[in-house]
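First comes one chain, alone, set out as structure tokens in the form predicted alone.
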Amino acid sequence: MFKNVYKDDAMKRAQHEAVRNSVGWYHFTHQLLEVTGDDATAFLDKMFPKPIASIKIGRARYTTMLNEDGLIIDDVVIFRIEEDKYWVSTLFVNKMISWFNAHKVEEVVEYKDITSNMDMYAVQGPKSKELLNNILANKIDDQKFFSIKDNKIDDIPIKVSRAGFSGEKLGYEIYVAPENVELVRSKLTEYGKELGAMQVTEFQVMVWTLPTEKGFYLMCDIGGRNPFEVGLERGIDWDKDFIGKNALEKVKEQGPKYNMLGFIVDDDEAMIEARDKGGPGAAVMVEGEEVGRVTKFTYGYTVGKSIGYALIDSTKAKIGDKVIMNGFTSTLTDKSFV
């Protein structure tokens, strides 16, 4: 059983609030798969439900990856680096390679794990642009969301993506060769002081408290569900063929049986088991009947409450309803809390 012990953790709170109110940065490298070849675009269009061919060079797109049953097996960000060169950012690169191998037919396409060639620093928060403008060779005032551009720190080449997992309107990711990570760290430390910047070292803050407040998912939330159940159906290209399309068209026609909703718990002493801690997650109960399961439970420092996600039977409960989880009363909400 998991007890929420984060409310009074001063370090976690300080790092969380630095990102929300000023700027926080952390070293956390996603795995990268580089995809190249004459058929790279066509192959990726087959592997992912969102359109790949329409991504412009230097731009990126978030998409799920589905199995033949239309169920999510990964969610990724795809960067178009060149006409026939892509980076796929994932946390499960070996599984992705195996999946690609299983579905590659006669396409002229190659893919390789380049994670060891690139480290990533996330710089997030309302003052993140100001901080980066102080250390980059080329200012990023006009850089658009989900774009990636070449830049430099001193004479060291890097790439800067405007993106992030904190949910902040202003957030960036610096991609740099591993031998130069100390340069990035030292620059962020030096120039961040006057902005009140803080290095985020707490994993709980990076992947739970910040993202959950803004409605961002982990695979423990969405894995094995279809995009309609978790609100990720927007932008699917129904005019092309992709793996899982036939199954997903049936869900589109019939509607999803379950919906991913948020919840807020007023009791600071609440202990709620969640799928992100292993196991099926606590049952969500309404008048003694199970109507869903908890996928995530954490503390939202900006919200000032315990929060989380639950997969709910859409015929039995809705936003605004009071439910019981592990004996604690919770209120179902939208997934974005701030």
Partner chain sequence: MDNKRIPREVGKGVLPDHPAIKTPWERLISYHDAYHYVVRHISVIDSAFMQALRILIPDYVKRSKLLCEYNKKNLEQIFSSPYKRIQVENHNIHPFMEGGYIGAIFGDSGDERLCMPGRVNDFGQFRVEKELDACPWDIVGSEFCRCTTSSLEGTGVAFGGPSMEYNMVEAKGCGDLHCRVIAENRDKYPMPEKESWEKFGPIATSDQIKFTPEDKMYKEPQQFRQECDFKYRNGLNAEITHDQLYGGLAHPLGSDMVLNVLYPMIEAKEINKEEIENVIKCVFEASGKMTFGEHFAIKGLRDWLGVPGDVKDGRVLGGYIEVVLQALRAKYDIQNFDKEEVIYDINLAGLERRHPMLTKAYLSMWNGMGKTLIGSQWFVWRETEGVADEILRLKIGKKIDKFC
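Residue numbers count along the first chain shown, from 1. Computed from a prediction, not measured in an experiment: that's the story for all the values here.
FYI, the form predicted together with its partner chain isn't displayed, but the following is about it.
- Listed residues Thr302, Thr29, Asn67, Thr36 were compared with its partner chain in the model of the complex; Thr29 is the one with a heavy atom within 4.5 Å.
- For the options Phe92, Phe216, Tyr191, Phe145, the residue carrying a heavy atom within 4.5 angstroms of its partner chain in the model of the complex is Phe92.
- Proximity of Met206 to its partner chain in the model of the complex falls within the 4.5 Å heavy atom cutoff.
- In the model of the complex, at least one heavy atom of Asp276 sits within 4.5 Å of its partner chain.
- Proximity of Arg293 to its partner chain in the model of the complex falls within the 4.5 Å heavy atom cutoff.
- Within this chain, Glu17 is remote from the site of its partner chain in the model of the complex, having no heavy atom within 4.5 Å.
- Each of Lys12, Met271 and Pro280 places at least one heavy atom within 4.5 Å of its partner chain in the model of the complex.
- None of 101-109, 216-224, 229-237, 127-135 except one has non-hydrogen atoms within 4.5 angstroms of its partner chain in the model of the complex; the exception is 216-224.
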